[in-house]
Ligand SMILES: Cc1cc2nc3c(=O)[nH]c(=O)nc-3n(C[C@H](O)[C@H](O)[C@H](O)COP(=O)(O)OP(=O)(O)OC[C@H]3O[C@@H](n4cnc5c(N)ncnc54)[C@H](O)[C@@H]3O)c2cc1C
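There is one chain below, alone, in structure tokens, taken in the form predicted alone.
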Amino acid sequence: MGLRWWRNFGAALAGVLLFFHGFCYSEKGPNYSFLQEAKQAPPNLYYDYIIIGGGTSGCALAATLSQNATVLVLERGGSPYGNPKIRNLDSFFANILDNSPLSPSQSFISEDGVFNNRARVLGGGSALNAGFYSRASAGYVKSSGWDERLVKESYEWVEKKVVFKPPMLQWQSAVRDGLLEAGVLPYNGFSYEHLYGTKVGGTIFDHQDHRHTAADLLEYANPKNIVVLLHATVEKIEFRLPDGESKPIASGVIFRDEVGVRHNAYRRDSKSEIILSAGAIGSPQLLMLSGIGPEAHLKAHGIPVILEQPMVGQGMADNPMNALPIPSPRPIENSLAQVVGITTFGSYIEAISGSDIIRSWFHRPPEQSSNDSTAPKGTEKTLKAMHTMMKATVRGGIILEKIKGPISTGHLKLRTTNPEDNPYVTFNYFKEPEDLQRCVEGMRIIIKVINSKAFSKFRFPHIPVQLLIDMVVNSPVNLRPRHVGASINLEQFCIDTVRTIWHYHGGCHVGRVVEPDYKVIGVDGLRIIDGSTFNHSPGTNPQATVMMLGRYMGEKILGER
């Protein structure tokens, strides 16, 4: 055997050993040795990377960075493990409707009058959402300036751990066939890719209907190099300005544990970084609380200005969702989004089904109750009868549409200087006419699906679509005013009955607040890696790309060390 053969053999052997080494120290959730309560932490800590937020992006980022550096994750919520409301598909709405102080979901109402939620748990939004998994379009990846090869590898890294093929039972199959009958073509089968037409996407629920969150990606972590502190609420990022330096340098963070004791975490050396991964609400909020944001706004709250940055909190967007609930004459499965119709005009059609879905649709907290009605004259008794019927039969589902983008954007402002308080958030739903037109076209597709032959066995023939529209207009889906024409004009219907699909993003856009490498403009030692950097929502659902981005940037950062 020649020298070349031995060299090749040695290189291959080294690769195999490295591969196994990467997994020999892995641990399985929920039995992570590195998961601790913040109150157990010492007063001062020093790490290579301090990640603020153990969410959808933060977990992937932390697991990756821990391969070759020490990592501290500061998560304001608790663990998703051991919580059946998070684990079980049937309990999807339980956490969203839970307003208790310990809930993994922190509710808020946008200034638009739309009910919303933000995650407060390890794993972030992946512990609360409907689980649909679909990659960003090729065009989105290209426009973001990402390395396409590393993007593909990063998606696959996520998918090996937390993504599954859904079972596709009767309801979802009928929606799929109805979409095809409605002209959302071609049929692309099962795929993670963003493809025009109708397809079956991935899900983070396994075949036992158990959820797998981004926290499971920590199984990739090196347990010797990582600590995850739970119930660690970051109050602010600290900065220093050494003599002769023109930029402030992020030096550490101040956080408090669940009993209110303050702790400090510091960068270990000049190569170390602080990384904000607190999400589209938390990241711009924490930047402002730390003194980076619009100068007048910060001064109004008594916050010392570190850097005047007027674009922090700007460009907030939420993909608006409108839907029709459909009572069913036959029992149907509990299912969350599995099928999607990706239209050429910019609307995405999905569906969910089951008893808990219908109960939640008609749920209204007492403080949000109202006797207001804009029902057409003579239909009030019919609508009340339908509400009673659906509550009694608890059979049915919802077909929804959401628009891409969106083009319409708003802003975020501080309400208080308490990081646990929700800021003011305005999304300006349908401010731009193109967004509204996409909603109207999406609703027309939904109506075609409901009227399709494929879907006929899941609807009562004596209940016309118009009555379903009337029912939504008179349901407590938000706090927005109702207009008389909302039942007969789809544009007004979209405006009056808009809901969130929890895909909000923005507030720290690339090119405005962060550089293409996600370093915060104007300061050193600080990056933002999460959905707050997105100018538009990537594809039908952002969670795949948010997880991918954590892995992707973790690899990029390690390559710079």
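Here the structure is a predicted model, which means the values were calculated and not measured. From 1 onward, residues are counted along the sequence shown.
One more form of this protein, predicted together with the named molecule, exists but is not displayed; see below.
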So, 166, 199 and 397: all three within 4.5 Å of the named molecule in the predicted bound form by heavy atoms, or not?
no
is_contact(residue 213, the named molecule) in the predicted bound form, heavy atom dist at most 4.5 Å
no
With the partner left out here, check for me: in the predicted bound form, does some heavy atom of residue 34 sit within 4.5 Å of the named molecule?
no
Residue-level question: is residue 274 within 4.5 Å of the named molecule in the predicted bound form, judged on heavy atoms?
no
With heavy atoms only and a cut-off of 4.5 Å, decide whether residue 76 touches the named molecule in the predicted bound form.
yes
Students should find that, of 120, 194, 438, 176, the residue having a non-hydrogen atom no more than 4.5 angstroms from the named molecule in the predicted bound form is 120
Among the candidate stretches 320-328, 92-100, 450-458, 465-473, which one is within 4.5 Å of the named molecule in the predicted bound form when only heavy atoms are counted?
92-100
Listed by sequence position, which residues of 403-424 have a non-hydrogen atom within 4.5 angstroms of the named molecule in the predicted bound form?
419
